[in-house]
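Quick setup: one chain, the form predicted alone, written in structure tokens, and binding and motion questions come after.
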Amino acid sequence: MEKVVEVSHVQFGYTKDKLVFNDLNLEVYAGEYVCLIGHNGSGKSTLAKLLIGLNEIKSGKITIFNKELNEQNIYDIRKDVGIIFQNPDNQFIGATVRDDIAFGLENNCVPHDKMEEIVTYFARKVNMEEFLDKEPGNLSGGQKQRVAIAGTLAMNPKLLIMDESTSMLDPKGKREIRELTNELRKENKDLTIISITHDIEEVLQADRVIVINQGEVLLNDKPEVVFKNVETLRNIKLDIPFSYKLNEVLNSLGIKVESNDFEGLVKELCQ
């Protein structure tokens, strides 16, 4: 399987005497949906900024699409990378929602007739089509985030980095974005997604979960494997899915059911 991202022995710190990462190593493969989780201050958002070259590493190497991330090719790499930040105000440029979604398309010289079609398509995808002529500053936080998501997806990135991109959405909005993510993956099997999130329901649908703690990879496996490390996750103050909490309670009562075996759970409770 082709590597899309390779972080090798990366060292980085905002100050000389305090490192965020001392020796970070991880890989992400083409078509994967990887969730990064960890407590606040563990380095997740810092990693996202490193992957798009907003911060420069002290040592080590970051490779994206088989190209080492450096000053010579950073702009070439960014053409295939889309990032959605936690604060949507950091991404607004256009005077209207329509202009903002279209901004990246204009920079890539997409023909106007195709541009309109793409803008409308993604505005509809995030339920913002009726706001296309509104000023971004007049939108709610959740609406702004939807527009930021639409603008990034419109660029058709090969690698999509989501840095707490649903944090300002209500539960319904988060569910809609999870559904949109799944739909995008079905439409484009080669789309690679790195999602930094606290949304446990989102983590459960990922192909792989990477747990970062104190600047290091603590756990790296499928969700069902990672969440079996209940005590480890609790020790670093991370939540676990409700189904796993329920499984703990049932096990304490002598009812043995796998966390994701809901059919088995129903049978046990009906006995």
Ligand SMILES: Nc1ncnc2c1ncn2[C@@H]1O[C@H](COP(=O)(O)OP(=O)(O)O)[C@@H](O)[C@H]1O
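Throughout, we count residues from 1 along the sequence that is shown. Please read all numbers here as calculations on a predicted model, not as lab measurements.
One more form of this protein, predicted in complex with the ligand, exists but is not displayed; see below.
- Using a 4.5 Å cutoff between non-hydrogen atoms, G43 counts as a contact of the ligand in the predicted complex.
- Although the partner is absent here, K16 is not a contact residue: none of its heavy atoms lies within 4.5 angstroms of the ligand in the predicted complex.
- Although the partner is absent from this view, H39 contacts the ligand in the predicted complex, with a non-hydrogen atom inside 4.5 angstroms.
- Looking at V20, you'd find a heavy atom of it within 4.5 angstroms of the ligand in the predicted complex.
- None of 24 to 32, 45 to 53, 62 to 70, 224 to 232 except one has non-hydrogen atoms within 4.5 angstroms of the ligand in the predicted complex; the exception is 45 to 53.
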